[in-house]
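Just one chain follows, in the form predicted on its own, and it is written as structure tokens.
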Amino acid sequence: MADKPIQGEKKVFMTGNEVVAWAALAAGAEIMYGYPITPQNEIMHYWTRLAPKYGRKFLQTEDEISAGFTTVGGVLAGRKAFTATAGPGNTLMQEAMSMAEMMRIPTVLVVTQRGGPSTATVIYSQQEVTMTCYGGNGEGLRIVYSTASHQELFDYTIKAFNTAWKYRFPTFILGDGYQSKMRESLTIYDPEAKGIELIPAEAYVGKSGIPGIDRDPAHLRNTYNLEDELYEVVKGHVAAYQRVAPEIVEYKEYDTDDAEIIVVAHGVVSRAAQGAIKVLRQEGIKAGHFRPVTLRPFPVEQLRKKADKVQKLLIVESAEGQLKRLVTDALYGITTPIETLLKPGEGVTVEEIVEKVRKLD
């Protein structure tokens, strides 16, 4: 049995689902709990081929509700566990993710967005932003990375395990059906060889020693009988989330220093936005691009600074305003006009963004 899945660095050409499986192995994930749904199926397929070679495990559950809760159970037992799903499966896993939010359980969930609502299409969309950021019946105390390339799928899947175990909030990798199925070149690597320390898992239950004598007792609750009890717990979680959010938040900017119009997009749509900026700049139009990498927590202060200086914002997404809601909430009170290019369930091209910006200029 090989010691490590990846020795040093390797240049590869993979699908996004294959990338996620390799990244989870490199991150030290011990077990995946999963249930089939397109377009994430191959994450399970690749994982089940690779995992036995490195002493890792897989359990196919009876549905996504079970996959979500067995992931929570695996983490409680001290395992680096993860799961992956899409669309209706994401909906069904929100109950478990709410439990993880309440109990501060470091779950990792990879979402490969598909069209909605309901079963809709199995292909592509950015329509799971709202559910992933604010699903369940809690306050949305999650960490959501929106990836734009296969390299980022690899990098942020590894990072997600560390983020989850460091901050103890449920952590999501938000990909999409395009990323799942297309092949792209990237470099995979052993994170520890690059100086990335992998935070070890530890058990929440079944610890050695006598509670109250050898160690502090573990208070594991997701049910509270009194309003005041729940109030104190939730306010404590919110305060903890707000305290660490500045350390977690990530964003990227392209040609925004002198921009008069900024295109806001996330995920693979940001690649079209970057292509459009190049074309527009050649035409003398001062356009720039702002990309939130973390959708939760959202880079509020960073976007507000840019929005204050430009003449217009253009929000582009493969959804009917799910990113827009995050942006308008972040920019509340700012008077900069906001325009939109919304294509729920469809990809966005460079040409479409260029044409839209020309009309706004």
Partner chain sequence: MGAGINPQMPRSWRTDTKPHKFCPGCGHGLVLKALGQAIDELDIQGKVVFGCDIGCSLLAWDFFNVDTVQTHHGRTTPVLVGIKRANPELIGIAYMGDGGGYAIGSQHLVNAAARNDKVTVILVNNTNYGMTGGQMAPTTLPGQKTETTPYGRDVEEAGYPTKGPEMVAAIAHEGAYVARGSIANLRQLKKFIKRALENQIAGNGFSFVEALSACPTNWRTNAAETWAFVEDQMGKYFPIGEFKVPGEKKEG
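Predicted, not measured: the structure shown is a model, and the values here were computed from it. Positions refer to the first chain, counted from 1.
Beyond the structure shown, there is the form predicted in complex with its partner chain, which is absent from this document and is the topic of what follows.
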Practice problem: For the three residues 185, 328 and 345, verify that every one has a non-hydrogen atom within 4.5 Å of its partner chain in the model of the complex; reply yes or no. | Solution: no
Quiz prompt | Contact flag, residue 206 vs its partner chain in the model of the complex, heavy atom cut 4.5 Å | solution = yes
Quiz item: Do residue 217 and its partner chain come within 4.5 Å of each other in the model of the complex, heavy atoms counted?
Solution: yes
Quiz item: Within a 4.5 Å heavy atom cut-off, is residue 177 in contact with its partner chain in the model of the complex?
Solution: no
Quiz prompt | Contact of residue 61 with its partner chain in the model of the complex (heavy atom, 4.5 Å) | solution = yes
Self-check item: Segment that reaches its partner chain in the model of the complex - one of 30 to 38, 298 to 306, 47 to 55, 319 to 327, heavy atoms within 4.5 Å
Solution: 30 to 38
Quiz item: Among 285, 198, 122, 99, which has at least one heavy atom within 4.5 Å of its partner chain in the model of the complex?
Solution: 99
Quiz item: Considering 255, 190, 139, 95, which brings a non-hydrogen atom within 4.5 Å of its partner chain in the model of the complex?
Solution: 95
Quiz item: Using a 4.5 Å cut-off on heavy atoms, what residues in 57 to 80 are near its partner chain in the model of the complex?
Solution: 57, 59, 60, 61, 62, 63, 65, 66, 69, 70, 73, 74, 76, 77, 79
